[in-house]
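Starting off, we have a lone chain in the form predicted on its own, written out as structure tokens.
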Amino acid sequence: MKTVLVTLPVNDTHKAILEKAGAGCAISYLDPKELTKELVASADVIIGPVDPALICASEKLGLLQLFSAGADPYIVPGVLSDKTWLANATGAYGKAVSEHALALTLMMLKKLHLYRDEQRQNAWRDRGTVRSLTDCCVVVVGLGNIGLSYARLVKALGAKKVIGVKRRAGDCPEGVDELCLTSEIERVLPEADVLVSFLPGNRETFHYYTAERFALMKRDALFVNCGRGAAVAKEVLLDVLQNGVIGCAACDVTELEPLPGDSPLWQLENLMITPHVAGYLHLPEILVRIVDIAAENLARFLSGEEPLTLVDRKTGYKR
């Protein structure tokens, strides 16, 4: 009998879905804080969050089903055994994160973050001209489920041009006007009125947005980061915003999380910060989607098939 540990905050409906997929398994529902090395070592399958330090490359663990799209803490050598299938939750977060990124985009274009600051000071002050998305070239970096969802949203709202940036060449998907490889991003940065990042965390994306790359952009360009904070060094972000290299930024992620209270980033008028809340489980349907993905992958694991959302451990992306 296979042992399955579920550390998601599931209800009875979710449990019924998982138990149907894992018929014949011994399924336990735990808070992630209750996990120990001994419990993890006893598991054939773990569904949900688990401290990577508890896994210890367990050879018994056949499937680790993450509740996130990002897998960076688990692809570090020595965390998982070669016998473990690592699956992510690609497909669960497209709506939530893309809508959050869109809200940040529109907020900056209309200077709503500045008016919120004025409200807190009881100040009735006109901040002058604003911009329209219909006049903007939007460059979307990371054209996976979330990035493509965002691209289609801004295109539906009339964005003048949408350029998708991805690792590999391919056909241009609906909602995207042009494709560019991540290795060639310098070619399209000068066009960007809005640069939006959904990059995952891995060696290739670490400090991807350099000072030199930001310097290629328009001085009134906007930057939105809803991927991973480590894609831009905190010093670089501070410098380009303080010195007017770009116009404004909105970040749901930062290089250090939580962002320290003494970070100068907090005080920048032209930076909007949200505390990594675009995804997680804040939109209720996310958990429903995660449970559906986990149930499918559990059933596939029990029948000896690869998970549908299997992660390539070299890149951190879904295969």
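So that there is no doubt, residue numbering starts at 1 and follows the sequence shown. Keep in mind that what you see is a predicted model, and the values were worked out from it rather than measured.
The form predicted together with another copy of the chain exists for this protein as well; it is not shown, and the discussion that follows is about that form.
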Subject >> Stretch in contact in the predicted complex with another copy of the chain, which is absent here, among 22 to 30, 45 to 53, 58 to 66, 277 to 285 (heavy atoms within 4.5 Å) >> reply: 277 to 285
Original post:
Heavy atom to heavy atom, is V40 within 4.5 Å of another copy of the chain in the predicted complex?
Top reply: no
Original post:
Looking in the predicted complex, any heavy atom of E204 within 4.5 Å of another copy of the chain?
Top reply: no
Original post:
Any chance V76 has a heavy atom within 4.5 Å of another copy of the chain in the predicted complex?
Top reply: no
Original post:
Going by a heavy atom distance of 4.5 Å, is E178 a contact of another copy of the chain in the predicted complex?
Top reply: no
Subject >> The single option of V236, L216, L133, A230 touching another copy of the chain in the predicted complex, heavy atom within 4.5 Å >> reply: L133
**OP:** Could you spot which one of I185, C137, V245, L102 gets a heavy atom to within 4.5 Å of another copy of the chain in the predicted complex?
**Re:** L102
Original post:
Which residues within 8 to 30 place at least one heavy atom within 4.5 Å of another copy of the chain in the predicted complex?
Top reply: none
